[in-house]
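Only one chain comes next, encoded as structure tokens, the form predicted on its own.
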Amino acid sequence: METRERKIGLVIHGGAGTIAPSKMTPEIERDLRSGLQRSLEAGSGILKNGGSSLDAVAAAVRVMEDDPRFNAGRGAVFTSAGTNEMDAAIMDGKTLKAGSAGALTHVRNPITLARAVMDRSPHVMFVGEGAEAFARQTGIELVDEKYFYTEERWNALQHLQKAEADARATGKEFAVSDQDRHGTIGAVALDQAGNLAAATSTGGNTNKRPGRLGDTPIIGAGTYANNRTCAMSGTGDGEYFMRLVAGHEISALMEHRGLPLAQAAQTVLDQITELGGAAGLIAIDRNGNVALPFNTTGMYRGYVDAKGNAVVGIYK
């Protein structure tokens, strides 16, 4: 009797709120596309070899955390105090177990710590000094704060703070571009066993106040996975994802109203848009259908199609 190989799927994002097309150089675009490609390869390689969706999303996210082009880990943006504070979360759609960590300042790969919180503690979330103490206890790599310094992110902070000061001085409205405002990375996957998983990691918003947590580490807001419905990871104005509990809302629309994934995802994005949020999200359901809606100029994104080919995109 012939056995059919079960469908697998992987979707990633490197953040909504891209570099404006007018400022995109061929070199920057090449580096961004290369980073997305490497992330897809890391995650899809695990899935093709029968590995778990949890391992796949963690691997895909780690690649982008190590890439200074993306706002997470190595490329995390600066707070208003000139520091880096990172958040991450991961969730298992099979068991609904989850782990998250917030306000991290020394953890090289926040997603690795989030996974440890899920696997090696009875808790769901650790923040700040307690999170880093748990990282030390579990042997997770900590680095000096200088590791997270990049000239591009530092210049972005200086630019934003000057613009804010100039606006105050002249009484004009202070406007922030999508690129300056936010950026997050994430991955969602379906494995051969039919299990879904989601992972998200971020440096937050440029010039955010120290101690601010966004939607990324909030289970059900910016990160969610449930085998009955879907796995999702959000990017953009995190406060709106939290107010709508966006990830869980997509799942609820599928489970209780019977909406297909694409419609549920678009419905929630429309709600974020109506509230004034700039955002995007990625999602995959238990049948391997994917959704990648966003309302910004672009969203760094990619997925592996049914034939195993990697597809990456930046603008609409």
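Numbering starts at 1 and follows the sequence shown. A quick note: this is a predicted structure, and the numbers were derived from the prediction, not measured.
Separately, the form predicted in complex with a further copy of the same chain exists; it is not shown, and the next lines address it.
Residue heavy atoms within 4.5 Å of a further copy of the same chain in the model of the complex occur in exactly one stretch of 283-291, 58-66, 248-256, 43-51, and that stretch is 248-256.
Checked against a further copy of the same chain in the model of the complex, the residues L160, A116, L213, V107 give one hit for a heavy atom within 4.5 Å, which is L213. Only one of V143, A167, A193, M242 comes within 4.5 Å of a further copy of the same chain in the model of the complex through a heavy atom, and that residue is M242. The candidate site formed by L96, Q137 and G220 is fully in contact with a further copy of the same chain in the model of the complex, as each residue has a non-hydrogen atom within 4.5 angstroms of it. Remark: R209 counts among the residues lining a further copy of the same chain in the model of the complex, judged by a heavy atom distance of 4.5 Å or less. a further copy of the same chain is not shown here, but in the model of the complex it comes within 4.5 Å of a heavy atom of M125.
Under a 4.5 angstroms non-hydrogen atom cutoff, a further copy of the same chain in the model of the complex has G130 among its neighbouring residues. Contact between M91 and a further copy of the same chain in the model of the complex is found at the 4.5 Å heavy atom cutoff.
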